[in-house]
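One chain is shown next in structure tokens, namely the form predicted alone.
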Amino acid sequence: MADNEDLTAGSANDKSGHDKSSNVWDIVIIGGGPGGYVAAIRAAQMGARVCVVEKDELGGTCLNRGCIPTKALVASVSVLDQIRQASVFGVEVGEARPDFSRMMAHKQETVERLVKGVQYLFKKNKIALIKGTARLAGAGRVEAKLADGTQVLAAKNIIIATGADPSVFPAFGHDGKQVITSDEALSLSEIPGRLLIIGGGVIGCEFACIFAGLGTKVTIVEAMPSILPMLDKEVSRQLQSYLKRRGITVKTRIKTDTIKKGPGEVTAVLEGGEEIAVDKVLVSVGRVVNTAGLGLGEAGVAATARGEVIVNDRMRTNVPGVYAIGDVTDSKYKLAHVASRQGIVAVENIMGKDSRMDYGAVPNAVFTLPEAASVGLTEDEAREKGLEIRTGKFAFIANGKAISMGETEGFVKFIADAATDRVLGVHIVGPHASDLIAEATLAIRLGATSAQVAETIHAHPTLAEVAMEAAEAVHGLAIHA
């Protein structure tokens, strides 16, 4: 990677291939996560002169401390599960045991490989990268605090892509050792014997499956009536049942009052006085946006009371030339793939194209064991909108591919408008749910009907046939039901 001085606006060593006489960047992006780096690449593809200021590693939370490292660990646990069931498939192996240090090494190798991939794409697309912490410094100006000083960048347009970090509740005594967040969970040196997870959302449930699969006694405490409350209730209930089968204790409708630390263990005191003694407590109760010190107020950029940058469907803020994307915005979807799309939309508008965000078909995947995924409306949401609906459901246990794989848990559920048959929502719990949701997302995006999905020939034998039969079931016509 080139030195910072080789990458600055107007540098004599500028290797971007753009007009060196200009000291103004077309776009300066603050943050190099899945929103920021995708925006940078698309901007460069469209001919813009781009600079990214990133305080840590390229890839942001998703690549370094979130999506990718957790998926690497989930993959390790999945392999462990498969080996333990090998005899069912006529394969004799010795006792399968986790090598946690090697698993963590695999996780890190995966992260480093992908970070290097993004670095290569920056070099390929001649994108300047500055390592530092940035803030807005007036109209068309970004101040970057570097290790060896401060640099002011002039920009025609600015994209804020600073993301969010795990919420830390002082009352729980977060210390990064006994009371941890997801960040520290990804850096553990040994498998905890007992783990309490406060929060039954996506992150909490994924870590529950990871550590339960490694032999940890896991307890989830969730204040809401169910875990993963954003999912269709039927999917959430089924997944909670599967988690319990994996030995995970799930306590819902209850809050954690206090955390008491002692030598060698931590005790969580729940509402009503119940105490749970564990080795570690993982606090997984939301995230806080990274806008502190960004200079939003001084720059006049409007934000919510939570500090989220307010944007429109073109990702513009109220200040001309300033855009925001990803978790730092007031969008209800805090997802890496949404941030990436928002980055593309922001850049296309900057470069003169009229591009808008469409949140009508946003897939969501939960990498538990088994997986869950959803897109569109849940049953409750459809009924709250006053819609008359039909539903169709088909179970993996009746699917030839799922049976041959030995992964028969779960189902696919279609929700369709009763009058038009248009697909309103699809919800999956089961093997490869995160992959199967793509077809459903496209169906909703294109306004397809459940009949059109059912009439589309699906390859046999595949898990995708479960989606086809669920679509047929909307009309009571599933062949293998």
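Just so it is clear, the structure is predicted and the values come from calculations on it, not from any experiment. Each residue number is its position in the shown sequence, starting from 1.
The following text describes the form predicted in complex with ligand FAD, which does not appear among the structures shown.
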property	result
Ligand FAD in the model of the complex: contacted by all of 392, 440 and 481, heavy atom 4.5 Å	no
Location of ligand FAD contact in the model of the complex, chosen stretch of 162-170, 120-128, 94-102, 377-385 [non-hydrogen atom, 4.5 Å]	162-170
Listed residue that, although ligand FAD is not shown, lies within 4.5 Å of it in the model of the complex (heavy atoms), from 347, 208, 339, 315	339
Partner proximity in the model of the complex: residue 429 to ligand FAD, non-hydrogen atom cutoff 4.5 Å	no
Residue 56, heavy atom within 4.5 angstroms of ligand FAD in the model of the complex	yes
Contact flag, residue 106 vs ligand FAD in the model of the complex, heavy atom cut 4.5 Å	no
Partner proximity in the model of the complex: residue 65 to ligand FAD, non-hydrogen atom cutoff 4.5 Å	yes
Neighbours of ligand FAD in the model of the complex among 26-56 [non-hydrogen atom within 4.5 angstroms]	30, 31, 32, 33, 34, 35, 36, 53, 54, 55, 56
